Structures are given as C-alpha cells and as structure tokens.
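One chain comes next, on its own, written as structure tokens: the form predicted alone.
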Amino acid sequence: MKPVRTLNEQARAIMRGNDQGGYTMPTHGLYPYQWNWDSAFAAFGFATFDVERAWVELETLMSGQWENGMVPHIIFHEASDGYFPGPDEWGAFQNPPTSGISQPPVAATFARAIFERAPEAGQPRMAALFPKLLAWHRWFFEHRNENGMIVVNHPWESGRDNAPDWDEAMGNVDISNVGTYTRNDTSHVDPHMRPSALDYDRFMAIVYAGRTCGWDEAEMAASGPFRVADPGMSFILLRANKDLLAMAQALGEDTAEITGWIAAQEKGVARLWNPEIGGYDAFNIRTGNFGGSMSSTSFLCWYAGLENSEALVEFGRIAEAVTYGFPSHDPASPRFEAYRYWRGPSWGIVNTLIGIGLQEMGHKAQAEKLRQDTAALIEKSGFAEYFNPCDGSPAGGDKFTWTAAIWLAWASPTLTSKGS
C-alpha cells in the first residue's frame, strides 16, 4: 500500500490529467466526454485544492442545459470516435450535442459544499448557478414525478446501468428493431465487468424509442418502453432539494416551491419501501411490481435525511458479508456478481453518499467503518472505476476522476483541506 500523502498527490494528478479545460472526463478512452454526475463529483474533489476550478466544472455542466430545464447525462463538447452511442444515435439536436436523458442530481449538494468552503467569494457564482439548478429540479417534478417517487426513463438515467433493480422492466423492452451496432466499451474493459450484450440491445432500444419521439416527455411518460421509480434518484433529489433550499435561503430567494417538493418527496419515498425484502426498492410504473432488489442506493435514506432502523439492520448485514466498502447489490442474492458493473461491485461514489448520510444522522461508527473500507480499497487497488467488494480487486476504467475526487473530499485519512 502506498503512503496516504502519495495517494493524495496521485488523486490530484489524475484529476488534472482528466481535465479538459472547462470540464473533466471520467477517464481517457472509455469515457471521453463530460458526464453529469461524474462532473459534479469532480467539482467536489477540485474544491479541496482549487475552488475556482470546482465552480467552472459545474458552470460548464450547466452549459448543456436544455430549454425545458433538463441537464443531460452526457455533453459531447468535442467529436470523438471512441464512444458509442454518440450524438447521432441520440438525435437530441442540441448545441453542444447531448444525450436525451439526465442523471442523478448531485450537483446542488456539491455546489452548496463548495460555496461553504469560501462563502464570500462563492456568492456570485452560486447566485448565477441557482436558477439553473432550480430549473433542473423543476424539470424532475414536471416530468419524472410519480406520486412523489422520482422515475427514470432509461437505466442509464439512474447512473446504475445494469442494476438488478431493472431486470423485470428491461425484460419487457422490445429489441426486435435494434439492428447491429458496435460497442466500444468492451474494447477498453474486460466484458465480464460490463453490461451484457442483451443489456446493451435493450439500452439501445430505449434510446431509439426516445429519438423516434423527439425526446417528447409526455409521450415517453405515456408509452415509453421503460419507466421505473428509482430509490437512488429519489433519495438523491430529495437531498439535493434540501441543499437547494439552503442555497435559496442564503440568497434571499423564494423557498415555497422547493419546500413543496421536499414535502411531496418525503411522502413519495415511503412508497418505495418493499416489506418483502425489508428495504427501499425500485418500482416498475408499467406493471406495478417492485424490482425485488436490495441495492446500495437502498441505503441513501440517511443521505436524504430520513431515519430508518430496519434499513440500518440490513446495512449492517450486507456490510459484514463483504470485505471492502459496500456492494452495489446484496451478496445474498442469486443475482449478485462481484465484478459486473452495478450487479455487485463496490463504488466509491455511492459509499461516499451513504457515508455522508450515516455521519449526518448520527451513525458515526458505521460511517467511519465505511470510510475506512473505501480508503482501504483505494490504498490496495488504486483509483479504479469500481472494485470487487470481496477481494478488493480493481474493475472497470483506471485513473478514474470520481474515485480520485472522493478520495480527496471524503475517503483520505488526511484530507487536503487539512494540509495533506
């Protein structure tokens, strides 16, 4: 294992190496553009050593915002042949080109964190960013709200592409008209660490359905092939709305709309509790069925400011079942796969959000254990995209921005804010 100070330096070097000027790519080769929640995590990391650069990251992310308020999950700032699906497949007709879906809105939470590092200097930056964040959150309530539950129209929108949460809904996606295409991800990463070929056919079928209707929100809500209430998206937006409320109060903005969103969501997320698994679960709007999946995002309730003693018991059971971090799917499930993307591996970003929530809600021992486990992963295997939670092996892309960012902002035993 490398000394902590060396890892701090390596993390900053990775972030600078992936820096494209106004935005940070997740890693070279595999992900050559700007991704939504990756970029927000990058800002969180930059704030530990370059607050100005942190603000620029969020401002560049918002440059891709659509007129309806949606902030897309990919912004294609420059042409590249290294990623599929590209702008042509999405057919979103934006400038700069973008995808047609969004991603978990962690940006408001990290904007608040950045602001609180240097409030006086950050006041004008936050004031300029606030109306854009407000419009994005409003878009969620206008187009992704189902009785206070927040839904996704594509698994990619959740950030957890092939999670078992979506298995039923994905099984109902018609792939008969997908045709042939060439994936690029498996040329960069071992295929057994990535979504399957069948998963990708279904992903592309949903993309083509969105493109066919011109990404019309009403049509996708009424008849799109995939619409699932996501505990991860719901908890992350609830937390983000609480941080947006704090920003509104600091700026002297009206808070009534945001307060209403928070109240609606606090009722809505209760509908995602699945008593059969004893946890928060995805809910298929099309069929009325739960996904039957205990995922890492089932434990973001504390991050959203909601206590749940039953969830705490299940958290302890799952944490004890692995050696490193927290798995993205319950190891007791027959669908658990330790290496395959969101079907088992430990992700530093989700560990961070869970850990922040545990700490804030007073579960300090669990929070510190999760931080130490995540730090041990990085000390053992470097700044990988994700990790095998059983043996700590690296998986996915290497020299990954968001893993470097959460090391600097949360996992490192000696944070840069303390001079390391």
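Keep in mind it's a predicted model, so treat the numbers as computed, not measured. In case it trips you up, residue 1 is the first one in the sequence shown, and so on.
Unshown form predicted together with alpha-D-glucopyranose (GLC); subsequent notes refer to it.
Stretch 34-42 is the contacting one of 387-395, 361-369, 58-66, 34-42, since its residues have non-hydrogen atoms within 4.5 Å of alpha-D-glucopyranose (GLC) in the model of the complex.
A heavy atom within 4.5 Å of alpha-D-glucopyranose (GLC) in the model of the complex is found for one listed residue only; from 281, 161, 168, 314, this is 161. Checked against alpha-D-glucopyranose (GLC) in the model of the complex, the residues 153, 103, 99, 295 give one hit for a heavy atom within 4.5 Å, which is 103. None of the heavy atoms of residue 302 is located within 4.5 Å of alpha-D-glucopyranose (GLC) in the model of the complex.
Interface residue remark: residue 115 is not counted as part of the site for alpha-D-glucopyranose (GLC) in the model of the complex, having no heavy atom within 4.5 Å. None of the heavy atoms of residue 110 is located within 4.5 Å of alpha-D-glucopyranose (GLC) in the model of the complex.
Contact check for residue 226: no non-hydrogen atom falls within 4.5 Å of alpha-D-glucopyranose (GLC) in the model of the complex.
With contact defined as any non-hydrogen atom lying within 4.5 angstroms of alpha-D-glucopyranose (GLC) in the model of the complex, the contacting residues in 377-403 are 385, 400, 402, given in sequence order.
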